[in-house]
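Only one chain is shown below, in structure tokens, and it's the form predicted on its own.
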Amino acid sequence: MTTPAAELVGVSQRFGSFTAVDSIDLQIPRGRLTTLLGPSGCGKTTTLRMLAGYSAPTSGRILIDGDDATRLPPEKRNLGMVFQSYALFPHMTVADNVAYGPKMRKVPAAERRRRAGEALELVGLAHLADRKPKQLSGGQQQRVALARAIAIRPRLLLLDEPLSNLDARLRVQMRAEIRRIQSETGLTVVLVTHDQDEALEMSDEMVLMRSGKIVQSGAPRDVFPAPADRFVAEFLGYENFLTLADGRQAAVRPEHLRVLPADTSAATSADGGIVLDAVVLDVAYRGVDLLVTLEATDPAGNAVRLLADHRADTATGPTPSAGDRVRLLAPEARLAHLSADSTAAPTAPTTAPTASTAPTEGIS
């Protein structure tokens, strides 16, 4: 069995009476991109900082390549890290910024230059090696920060919300760029983000955290269609929640809720799906589709407000309008059945860091 690139075993981090990370276990698979995902305050950045060595766990162990690194300082762990702010040295050229890490590790000058050139080539910025950071765009500065982290030949590359300061277009471009770099180099990458789209697009493994605990983990293709509970479902963008006749809860995404004419036969639910009679409250035109807001009664008899993503090119019958009575179909294959326990055990690896020293940045 392959030794994980890193492992957290029963790791907790407490600041006085506040528990930021609560006795979590997590294995970081080698050569993969693992995302720590969750809302602000869930413990994801605190976990990353413990892995990096910037804060020590209150309890538990941190292993890197199978060796106990719990009390090792950051400079002894050989991990590359990119923060939200790129922290480039403004007085140095791009090449000197990238070569700085190897220089601090006493790498000979010729080898430093070679590594810097390779790293800049990898991120597509070799032609800007002689420029200063202030002459670069935000996206270019982010690439330089990546190159600097890569140049030290790290055992793991840690990314703390690295795209949060970029505009929407650049964020999308850099997702693909980071994924390409990870794939080409085979680096083990741990990415912290609060953006579910970013996590779904980039991750090999996705770890969702809440209140210092791991609530669900696994490959995006496994987690997304089967959220463990309502918290995970809401965080991943599920907006429609129904209580079934047997008391269980189910969720369905707007794009999977079909709006049909009111006289559509209930036989449409032959696949075991749910059919509801509903009234259209509002219709918002969005170019390629309509966002339809509806009111219905779920199978348990509760009044619910639902959203449906209605595409005219796949619809049956006329376009719905406010006040129309319609029939809704939630196919069984599109229903996510939820656990009633919001602290359900994780389905895959678990994560945990804890520290006795308060972080220098916000807890998240």
Partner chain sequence: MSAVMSRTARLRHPVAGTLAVAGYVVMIVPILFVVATAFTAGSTLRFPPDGLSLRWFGEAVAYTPFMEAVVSSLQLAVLATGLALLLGVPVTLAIHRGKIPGKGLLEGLFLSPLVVPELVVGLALYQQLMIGLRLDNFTTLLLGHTALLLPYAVRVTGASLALADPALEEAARGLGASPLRAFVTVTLPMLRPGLISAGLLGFVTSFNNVPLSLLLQTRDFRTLPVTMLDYVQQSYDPMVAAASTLVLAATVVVAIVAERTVGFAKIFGGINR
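Only the largest set of C-alpha atoms that superpose within 1.5 Å between the two forms is called the rigid core. Source: prediction; values computed, not measured. Positions refer to the first chain, counted from 1.
If you look for the form predicted together with the partner chain, you will not find it shown, but the lines that follow are about it.
- Looking at 238-246, 91-99, 192-200, 213-221, the stretch with residues near the partner chain in the predicted complex, meaning non-hydrogen atoms within 4.5 angstroms, turns out to be 91-99.
- Proximity of Arg258, Ala284 and Arg327 to the partner chain in the predicted complex is absent: no residue of the three has a non-hydrogen atom within 4.5 angstroms.
- A single residue from the set Arg105, Arg179, Arg113, Arg230 has any heavy atom within 4.5 angstroms of the partner chain in the predicted complex; that residue is Arg105.
- Distance criterion of 4.5 Å from any heavy atom to the partner chain in the predicted complex singles out Leu79 from the list Leu79, Leu125, Ile274, Ala250.
- Among residues of the shown chain, Asp130 is not one whose heavy atoms approach the partner chain to within 4.5 Å in the predicted complex.
- Contact annotation: Pro73 falls within 4.5 Å of the partner chain in the predicted complex, judged by heavy atom distances.
- Shown alone here, Ile152 lies within 4.5 Å of the partner chain in the predicted complex, counting heavy atoms only.
- Not displayed here, the partner chain is approached by Ser85 to within 4.5 Å at the level of heavy atoms in the predicted complex.
- Heavy atoms closer than or equal to 4.5 Å to the partner chain in the predicted complex belong, across 212-245, to no residue whatsoever.
- When two forms of a protein are overlaid on their rigid core, residues whose CA moves 2 Å or more are considered shifted, and Pro154 is not one of them between the shown form and the other one.
- After superposition on the rigid core, displacement of the C-alpha of Pro254 between the shown form and the other one stays below 2 Å.
- After superposing the rigid core, the Cα of Lys132 is displaced by 2 Å or more between the shown form and the other one.
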